[in-house]
Structure formats: structure tokens, C-alpha cells
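Next comes just one chain, in C-alpha cells: the form predicted on its own.
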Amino acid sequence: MKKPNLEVALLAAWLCAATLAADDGVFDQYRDLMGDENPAVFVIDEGEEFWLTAQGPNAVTLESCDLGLGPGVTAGAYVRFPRHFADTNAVMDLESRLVYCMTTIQGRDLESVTAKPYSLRGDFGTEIEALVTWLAAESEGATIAPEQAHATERAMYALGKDIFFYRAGPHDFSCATCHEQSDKRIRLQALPDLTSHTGAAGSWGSWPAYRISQGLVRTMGWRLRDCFRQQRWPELQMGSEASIALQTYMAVNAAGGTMTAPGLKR
């Protein structure tokens, strides 16, 4: 029974090690031709509208939500996530912080706001996706600078690194299986080296992104969940310790890079 799994793992390793084909630059050319015509601009507008719309039993907006730079300050907030928050005594990513504000400020039900954080193919985007996209755009051009001053932040980075290299699942995959080398691809997808500053900065700084193949804007939280699905690991939950830890590992590796999101992906 183990032989098929071994064959699949060897095939995946070979695919991940394949050198990028010469025509992989075609998508970069397409992205350049698109210029400012990224469909994510519509989601940015939607996210700002969600931020300014009174919701929940308390009938208030999210304008008093503190994303780490003070209540209501959105410019430059995204590039400092994940980070420790004293009011929760925990490291939070942007998605979990938004949920916190929705429940504590607006009085909304936790189960309802977390029931469907990410859209499915053929859906319209979700509130979380729109808010994250707008907030990422609020930091466009800013330097990626996640917090690492607090002990919990450093511990979260260490945990993220452990998870990144941890091999598990029926195919014995880890995140590093496909993301520890540069100039590699799997099928038509380029695979950034997330252990390097260049690879991490380019990847972290370009998410959330509009996925042309799906017609939807996707967040980094969704991207990690989909990676877990492809590895045949248990579903990664939004705002979970594992999700925040992996994001912390990537963000710290990307520190010093430039925020270019929302990006444009295949």
C-alpha cells in the first residue's frame, strides 16, 4: 500500500525540481500588459465600503478597530502583521484581528462571521476577502516590517519555521518540498523560494491577489489553506495558530521588501 504514495512523492519532488521553462515569462508579460487594470480594484472599493458600513447588534462601523497603529488607522497597518496585541495577549494575523473587531466592536456572532471566510469557485467574494484586499492596498508601496519585539512574536516565527519544514500527510510533503529552492516550478506554476528574502518578499508582498483562473481575489490565509489541501493535510482553519505561525515565518523572511498587493496571479 505504501508504494503508490512513494511514487507520487517522487513525482512531486521531480516536478518541484524542474527548471522553469523559457515561456514562463509569458505570464509576466501578460501581467505587465494588464497594468493598472487589475480586477482587484473593484474588491478594494468593496472592502472600504464594508469598513465604513455600520453592522451588527451595535450598529457601528469598523472605524474604531485598532489594527496596531491606533483606532481607525489603516495606512501602513497591513505590512506590520502578524503582530502581538496586548488586548488579546496573542499574535494575530489580519484576518483574525478583523474577526476580533467584528465581534467586540460590532457585536456580531463569532460563528456567523467565521462560517465562510473564503469564497468558493463561482461565488462572489466574501467580506473578509474584501476587507483584507482594501487594507493591503492601504499599504501599497510600504516596507514590509512585521513585529518581532515581543516574545510571543518570536515564538510564533519559530513555530512557523518548524511547520514549514515538517513533513506529513499521505504524500510525506512539507511546505519546503516545493518552496525551498529558487527557479523551480510545478506544471505551469512558478514556485518561489520562501526561505530566501527575495522569494518571500515577492510572494508575501503580492498577496492578496486576483486569481485569473478563478476570477476571485484570494488572501494569503486562503493560499495557505489551499496548500494544505494540495498536500492532503487536514484543513487549515482561518486564524488558527498554525496559519498565523506560517504567515509570521513568511512575513519575517520578507521583511524589508515592498508591499505590491493586490497582485495578479494565474
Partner chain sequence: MKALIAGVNIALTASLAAWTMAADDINAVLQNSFVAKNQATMDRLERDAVQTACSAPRGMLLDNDMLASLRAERLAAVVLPADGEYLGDWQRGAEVAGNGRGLQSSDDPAQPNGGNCYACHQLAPDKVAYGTLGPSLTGYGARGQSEAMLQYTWTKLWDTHAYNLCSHMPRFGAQGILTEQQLKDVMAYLLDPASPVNQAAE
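Residue numbers count along the first chain shown, from 1. What you see is a predicted model, and the numbers here were worked out from it, not measured in a lab.
One more form of this protein, predicted together with the partner chain, exists but is not displayed; see below.
Across the proposed site, 158, 195 and 235 without exception bring a heavy atom within 4.5 Å of the partner chain in the model of the complex. Residues within 4.5 angstroms of the partner chain in the model of the complex, judged by any non-hydrogen atom, belong to 170-178 and to none of the other stretches in 67-75, 139-147, 98-106, 170-178.
This chain is displayed alone, yet in the model of the complex one of 58, 230, 53, 214 has a heavy atom within 4.5 Å of the partner chain; that residue is 230. Interface membership of residue 92, defined by any non-hydrogen atom within 4.5 Å of the partner chain in the model of the complex, is ruled out. Under a 4.5 angstroms non-hydrogen atom cutoff, the partner chain in the model of the complex has residue 88 among its neighbouring residues.
Not displayed here, the partner chain is kept clear of residue 113 by more than 4.5 Å at the level of heavy atoms in the model of the complex.
At a distance threshold of 4.5 angstroms between non-hydrogen atoms, residue 45 is out of contact with the partner chain in the model of the complex. Residues from 135-152 that approach the partner chain in the model of the complex with a non-hydrogen atom closer than or equal to 4.5 Å are 151, 152, in the order they occur in the chain.
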